[in-house]
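Below sits a lone chain in structure tokens, taken as the form predicted alone.
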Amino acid sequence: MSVRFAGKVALCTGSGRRAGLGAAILQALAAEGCKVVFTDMLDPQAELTSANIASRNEMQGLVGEIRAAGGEAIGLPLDVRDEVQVEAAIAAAVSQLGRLDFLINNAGVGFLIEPLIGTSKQRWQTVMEVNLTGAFLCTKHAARQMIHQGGGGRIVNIASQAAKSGHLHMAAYTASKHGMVGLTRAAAIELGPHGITVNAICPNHVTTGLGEVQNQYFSQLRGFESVEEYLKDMKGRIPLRRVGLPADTAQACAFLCSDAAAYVTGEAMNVSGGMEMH
């Protein structure tokens, strides 16, 4: 096991689902010696049904795999919209693992896909509260802990290609991810004097559980005979000729958490196979 992150502690939101971006990120960090905190929303609410959120068993299974490999990991329930829960999760991470060095804001709602003129205020608010307000709350309280303990820290926001370009039937999601980049830049300015870097990663399509929902929706919307045909068309428009993998985002995140990125802050890094270049 590599020890690049030995003694460090990372908390990632929205990381309780197997094969998701959050799980891949923590697995990559743990493989290099980091202690990791899986967090996710575990209790269904309104549009956030049991089909769209993690289960306790799923998250604990991920924790168990890290431990079985010799790493340290814990799992905590967390609805990022609730500031009390955010404070409690960070306090629990520090209490059980000793400190907090890396925060990865990954929790997001991207399955509420519909035309702009048919989007209800409630659905708009759900997307904004999870994707943007949740990132703000977690950044606020993680930064307080990092400043208190000293030594700087890393905050990485998992944005999207939708943070750079508009996307059909995803007005709320696109607006929230553009806002996440704005939050990244503002936080980088304020937290830089404390040695805390704040950056965003902007992946293009990744076929996680969320990605599968998007595949089904857009393949039908655009008239493809199958999801396979839709993905074939997408690959043809990506310079590297493949869709993104969870590992692509995970390794970019590991770089931004490393000493190699100590002078990188306020950036919104594309991880899109060349599909997005600005």
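Start at 1 and count along the sequence shown; that's the residue number. Predicted, not measured: the structure shown is a model, and the values here were computed from it.
Just so it is clear, the following notes concern the form predicted in complex with a small molecule, a form of the same protein that is not shown.
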Would Asp79 show up as a contact with the small molecule in the model of the complex if we use heavy atoms at 4.5 Å?
yes
Does any heavy atom of Ala54 come within 4.5 Å of a heavy atom of the small molecule in the model of the complex?
yes
Taking the small molecule as it sits in the model of the complex, is Val206 near enough to touch it, meaning that at least one heavy atom pair lies within 4.5 angstroms?
yes
Under a 4.5 Å heavy atom criterion, is Asn106 part of the interface with the small molecule in the model of the complex?
yes
Within 4.5 angstroms, counting heavy atoms, which one of the listed stretches 95-103, 185-193, 108-116, 145-153 is next to the small molecule in the model of the complex?
108-116
Students should find that, of Ala171, Val130, Val181, Ile74, the residue having a non-hydrogen atom no more than 4.5 angstroms from the small molecule in the model of the complex is Val130
